[in-house]
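Encoded as structure tokens, the following chain is the form predicted alone, with no partner shown.
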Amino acid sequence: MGKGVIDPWSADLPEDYKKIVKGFGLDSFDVKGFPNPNLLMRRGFVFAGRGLKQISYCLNQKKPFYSLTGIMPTADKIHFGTKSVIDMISYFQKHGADTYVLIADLEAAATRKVDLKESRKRALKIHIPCYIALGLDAKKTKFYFQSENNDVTNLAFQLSNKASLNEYRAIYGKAEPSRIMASVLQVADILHPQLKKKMPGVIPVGIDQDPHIRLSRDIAKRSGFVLPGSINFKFLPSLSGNIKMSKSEGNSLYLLDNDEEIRKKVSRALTGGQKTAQEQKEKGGNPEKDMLFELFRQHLIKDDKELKQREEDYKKGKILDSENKEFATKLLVKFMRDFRKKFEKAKKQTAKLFKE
């Protein structure tokens, strides 16, 4: 289904999303069921999920539901692909979802060996402000640390006997103690909003996180919870195009990159052009193989007509790679400058939310 393993700990890019939908038993995404679809939805980057009819019903009938995502505070940088997650969470928040963001400090300690103190420092300094700056309403979002939420840790212990070791292996492949503990904790995170009121939930995730959703739904079924749903979006590739954008890959864009870092990274990006400018003018380029067009489609060009025109001009050789890179740099620099202003404001909001 991909170049390697697709699980919560892999960096591989899937090769065929249609095969994944069938192979994983996912529901195909139908944009018609979602009111005022956002850019990722209407351009096909949201492609599947679980329990989508239930979420569509809640959205259209204005019934109670919740949305949840997490922060893994293992690095002091956040890659640009994270914006996809927050775009989806923001969409559901604007449509009435109770919104939760967990800081997975216990999971970071168990699987990445990052202690709780360091996790807290990174989350408060970088991660939470970035999430707010990307569009979350801080006043309407419930942020919490796993290590400080007794409801989550208590629920994790209660749910730990609801799945067998063989079932775990069938879902995740490996059954290492640290990963088992982290996964059960993920289930508790996903289900704990229902401790106050039983209602549907939706978790926006890349397909690599689907094992957590499968385990959560299996355990929810045996424990009297409403089955949580998920919505899957395609990964934003790294600028080199070979793996998904991540915190550790040298060709990834980061949310606080400065102008010079952006220019250098864009200049090295994989393009869909020809070997020479003359050849590209004659034969045109292939936007489907161009990583800058991935950025345009998913995040940087909001107007559908503008995007389509740029793709057509690139195919006809009217736009050269050098011009495309210059345009991408311009858009990214503008985005990052605006983002940094929002980030500074969000740091003050974070300080109020978590008074030390």
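All residue numbers refer to positions in the sequence shown, first residue = 1. Just so you know, these numbers come straight off a predicted model, no measurement behind them.
This protein has a second form, the form predicted together with a small molecule, left out of what is shown; the following refers to that one.
I71, L102 and Q186 all contacting the small molecule in the predicted bound form, non-hydrogen atom within 4.5 Å: So, yes: the whole triplet contacts the small molecule.
The small molecule: the contacting residue among N149, N251, T141, Q209 in the predicted bound form [heavy atom, 4.5 Å]: Answer to the contact question: Q209.
V266, I190, L159, A133: which sits within 4.5 Å of the small molecule in the predicted bound form by any heavy atom? None of the other options qualify; the answer is I190.
Only one of these stretches, 306-314, 27-35, 61-69, 321-329, has heavy atoms within 4.5 Å of the small molecule in the predicted bound form; which one is it? It is 61-69 that comes within 4.5 Å of the partner.
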